[in-house]
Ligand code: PCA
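Taking the form predicted alone, here's one chain by itself in structure tokens.
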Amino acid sequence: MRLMKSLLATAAGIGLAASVATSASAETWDMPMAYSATNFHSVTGAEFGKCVTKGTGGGLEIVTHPSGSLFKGNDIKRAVQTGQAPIGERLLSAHQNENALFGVDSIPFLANSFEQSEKLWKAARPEIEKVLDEQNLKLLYAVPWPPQGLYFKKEVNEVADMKGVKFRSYNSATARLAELAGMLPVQVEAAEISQAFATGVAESMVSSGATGYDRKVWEHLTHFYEVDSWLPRNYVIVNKDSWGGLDDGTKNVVEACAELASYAGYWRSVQYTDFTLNGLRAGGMTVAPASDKMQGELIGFGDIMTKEWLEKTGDQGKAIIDAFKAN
């Protein structure tokens, strides 16, 4: 909280220095978000909105709408792309079906720590921005989730124990992982997780401790295995036409607030990791590393999925991986 107050004060100073528009010409941007208001991504987005509103002296007010209340998670990117919403947040890898590059942060065991995730994002961001630009979108900032682990409603010691389990997927990478493990992928949005587990639509998932904690999955699931498979990112995008309608001073404030949000969101994610795993334990779940056998089998799936991703992305994908490994 102290950090965010400092960031807000900084952005406000930027806004005054830029002499941006005041409330006399005020504009409001509604920002759809897929996750609950208490999720750290949503908190970061709300603080970003306040930062812009304060930094522009009310000239541009950004109002967040969490939990898929304005647009469902799967519809947010299209809504921003077509101008139905000027700005929004979405899981980057949710769109890897339209372009495999969007799945760069969900390649199992390629970058499975916060430090590695930052290096991969640095290598991939220029290519991601090119794709988004062609789709009438501008990238503002992106924040990683904590490392992904596996949730089950039973003890699992090897991949054979997963066979036939109904597995909540949220992108093509998670669906592919389920297929390789012999599980049955079921597409379930974040806002529908609790209902899916309560009704038996899903029995397992790969996700961070944050998602499990936010959704109180201990009411339906029993085990969380710390496999640290990858760190997917949520990203905030703005419609290029809406962006083009802003004056330079306002753009400066938005970009400054986006940089601050990226920084604050990253550290929220880091700090939230242990907190949420402890929360799962407190809820009664068994939280532990995967067995050596299961971890080895999963890493083998990661090798397969890395090759498949490179086949789909060609020279662009190879350039990203080469740049990532060179750092």
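All figures in this text were calculated on a predicted structure; none of them were measured in a lab. Sequential numbering from 1, following the sequence displayed.
Only in words, not in the display: the form predicted together with ligand PCA, which the text now covers.
Enquirer: Name the residue from L139, A190, V186, L110 that puts a heavy atom within 4.5 Å of ligand PCA in the predicted bound form.
Expert: Flagged contact: A190.
Enquirer: W145, F197, Y235, F102: which sits within 4.5 Å of ligand PCA in the predicted bound form by any heavy atom?
Expert: Residue within 4.5 Å of the partner: W145.
Enquirer: What I'd like checked is whether S172, R176 and T306 together line ligand PCA in the predicted bound form, meaning each has a non-hydrogen atom within 4.5 Å of it.
Expert: The answer is no; none of S172, R176 and T306 reaches ligand PCA.
Enquirer: Does S117 make contact with ligand PCA in the predicted bound form, using a 4.5 Å heavy atom cut-off?
Expert: Looking in the predicted bound form, residue contacts with ligand PCA do not include S117, since no heavy atom lies within 4.5 Å.
Enquirer: So in the predicted bound form, does K77 come within 4.5 Å of ligand PCA, heavy atom to heavy atom?
Expert: No, K77 is distant from the partner.
Enquirer: Contact between V253 and ligand PCA in the predicted bound form at 4.5 Å, heavy atoms?
Expert: V253: no, not in contact with ligand PCA in the predicted bound form.
Enquirer: Against ligand PCA in the predicted bound form, would L91 count as a contact residue? Criterion: heavy atoms within 4.5 Å.
Expert: It does: once ligand PCA is placed as it appears in the predicted bound form, L91 has a heavy atom within 4.5 Å of it.
Enquirer: Using a 4.5 Å heavy atom cut-off, which stretch among 202-210, 119-127, 242-250, 68-76 contacts ligand PCA in the predicted bound form?
Expert: The contacting stretch is 202-210.
Enquirer: So which residues in 31-50, when you check ligand PCA in the predicted bound form, have a heavy atom no farther than 4.5 Å from it?
Expert: Contacting residue: only Y35.
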